[in-house]
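What follows is a single chain, given as structure tokens, in the form predicted alone.
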Amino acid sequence: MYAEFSNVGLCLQAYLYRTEKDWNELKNSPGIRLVKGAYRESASVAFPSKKDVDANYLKLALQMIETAQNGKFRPGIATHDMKIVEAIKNTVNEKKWNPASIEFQMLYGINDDGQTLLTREGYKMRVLISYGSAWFPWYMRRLAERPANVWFVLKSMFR
């Protein structure tokens, strides 16, 4: 598909135990979007603890960003978790990596100030806007998949 459409990529879910192995097999892909993962999976296939998911997400994100320094790989860092964003930014600064090699991806309306700041600092930003007749059911599924998303929405509403 990439031969015909240069903007295609893959998505990996950091909460699965297998994701690091998948990443190592797919590093020559042109682009990978990294998400935490939201579906309920058993502890036999996914990290049950948020702390472990976050640690795996950060580890994989940094590996992807390092790979992106060759200019041939597009990492999509899809998170609203500003602790993870700050840890990534700190590593980028320490290692003198190119911020423009990284694309953060967030939902419209959640932490708009953070999105603006990232672009001012030289990072790419992709903002997802749901629209069309099915936007509300889609949005409700995102909230139901991971109840912590409700907290993000509520904080954004009162910010």
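Residue indices: 1-based, along the sequence shown. This one's a predicted model, so the numbers in the text were calculated from it and none came from an experiment.
One more form of this protein should be noted, the form predicted in complex with a small molecule, which is absent from this view; the next part is about it.
With the small molecule omitted here, the record of contacts in the predicted bound form names 27-35 of 63-71, 27-35, 90-98, 116-124, defined by a heavy atom within 4.5 Å. Shown alone here, L107 lies within 4.5 Å of the small molecule in the predicted bound form, counting heavy atoms only. Although the partner is absent here, K50 sits close enough that one of its heavy atoms falls within 4.5 Å of the small molecule in the predicted bound form.
Although the partner is absent here, Q13 is a contact residue: one of its heavy atoms lies within 4.5 angstroms of the small molecule in the predicted bound form. In the predicted bound form, the small molecule sits beyond 4.5 Å of every heavy atom of V45.
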